[in-house]
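Below sits a lone chain in structure tokens, taken as the form predicted alone.
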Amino acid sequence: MTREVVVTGVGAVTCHGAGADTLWQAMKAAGVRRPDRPADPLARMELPLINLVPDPDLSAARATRFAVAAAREALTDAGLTASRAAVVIGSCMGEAGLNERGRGGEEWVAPFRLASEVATELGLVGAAHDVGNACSAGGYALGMALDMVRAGETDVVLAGGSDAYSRVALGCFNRLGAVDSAGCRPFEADRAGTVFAEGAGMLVVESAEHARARGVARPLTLAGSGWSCDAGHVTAPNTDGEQIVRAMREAVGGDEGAGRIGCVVPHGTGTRLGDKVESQALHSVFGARTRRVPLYSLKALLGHAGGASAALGAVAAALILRHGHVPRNIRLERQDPGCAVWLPQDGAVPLRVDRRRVLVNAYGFGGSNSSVVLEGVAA
């Protein structure tokens, strides 16, 4: 059984505040945001830098709160109330912060329970899955949602990702020497690592038949997904980018599908090797057209939201499709000549009517690669 799958609602929580419209306004403004230092006296590391959601309560279950808020917005955007929807949420760390802050205490709580918490809060009685594929987790969650609906296992899935401040995660990246003191600067010539961010992105993934039956007009289509594994290094991508290319090609539908892509939201985190490998992989997929395909670097605006990054990328893709143009990127000081991709910086780029498709990439530790494609209706 194979069914058409659509996206009927989106929700977001980011360092710019709550709401997908808040995210869109930030995308249009293209302002530079400097990283925060969390009010955590035990964050004893050289660069305790992260882009925090404007919510000062670090003691609470932040990843859960962000996921619930984004999910509630997505359901409202879709015009859905309580339903038999399934929930699939990707995350790097789950709700690790509670255990980190309670270290030495008697109570330990499972960090990967975001999906069941969201289901409980919103009264959703379908299946609930947490996905832990590192920084590609949100992309895997969307791919799973696509497969579940296509296979007829459910009509509606609330899918996305959420991650919040974790002392352990930040400490690990400090030990790796992978934090850029200047901020998250993908594709810059002198980039020196990444800067993490908090946030959540959620999408209502639905069968087209179910959406039509309840009168949804002009939904977006979740047109494809692809995933692969480098089966190589624990943290670094394989330099040949072969499996990254494979995931992208599966998502876009080969060379013919690649010709219909009008924008890419890249993974590009600001690491020296990762940005270069992804740039070269894009050339393998798009060939001579690569320099004419606009990229929108969401991480330059938000930082790297870990397991939520692909979900937020998909929300950004939905907003780009709804508004019909790619906002300008945050201006680069000097683009790395080894990353020969097009990052528009002087103004918005309209989507061509025959290329209303956005490719979203996400890659994680362990060589986990995922790509998804959203498609808009003709203007």
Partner chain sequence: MNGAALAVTGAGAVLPPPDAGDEEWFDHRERLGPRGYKYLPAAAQYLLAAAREAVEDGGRLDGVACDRRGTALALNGGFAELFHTMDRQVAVENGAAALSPATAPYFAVSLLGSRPAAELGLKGFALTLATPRVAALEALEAGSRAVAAGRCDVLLIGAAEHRVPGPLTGGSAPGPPDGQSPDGLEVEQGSVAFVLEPQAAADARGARVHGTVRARSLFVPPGRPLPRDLIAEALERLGAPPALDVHCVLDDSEFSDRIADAVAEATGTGSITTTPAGAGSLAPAVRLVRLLTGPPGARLLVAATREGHAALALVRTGSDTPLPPQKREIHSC
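Residue numbers count along the first chain shown, from 1. Small disclaimer: the values here were computed from a predicted structure and weren't measured.
Keep in mind that the form predicted in complex with the partner chain is missing from the display, and what follows is about it.
A.B. asks: If you check in the predicted bound form, is M45 within 4.5 Å of the partner chain, heavy atoms only?
C.D. replies: Looking in the predicted bound form, residue contacts with the partner chain include M45, since a heavy atom lies within 4.5 Å.
A.B. asks: Look up in the predicted bound form whether R113 has a non-hydrogen atom within 4.5 angstroms of the partner chain, and give yes or no.
C.D. replies: The answer is yes: R113 has a heavy atom within 4.5 Å of the partner chain.
A.B. asks: Since only the chain is shown here, I'm wondering whether S207 would be in contact with the partner chain in the predicted bound form (any heavy atom pair within 4.5 Å).
C.D. replies: So S207 does not count as contacting the partner chain.
A.B. asks: Just to confirm, R292 within 4.5 Å of the partner chain in the predicted bound form by heavy atoms?
C.D. replies: Flag for R292 set to no.
A.B. asks: Any chance all of T120, N133 and G366 sit within 4.5 Å of the partner chain in the predicted bound form, going by non-hydrogen atoms?
C.D. replies: Answer is yes for this spot.
A.B. asks: Pick from A127, A189, A182, L273: which residue has any heavy atom within 4.5 angstroms of the partner chain in the predicted bound form?
C.D. replies: It is A127 that has a heavy atom within 4.5 Å of the partner.
A.B. asks: Can you pick out, from A231, A288, A213, A217, the residue that has a heavy atom within 4.5 Å of the partner chain in the predicted bound form?
C.D. replies: Of the listed residues, the single hit is A231.
A.B. asks: Heavy atoms, 4.5 Å, the partner chain in the predicted bound form: which of 259-267, 172-180, 293-301, 276-284 makes the cut? Say which one.
C.D. replies: Answer to the contact question: 172-180.
A.B. asks: Output the sequence-ordered list of residues from 202-229 with at least one heavy atom within 4.5 Å of the partner chain in the predicted bound form.
C.D. replies: Sequence-ordered list: S225, G226, W227, S228, C229.
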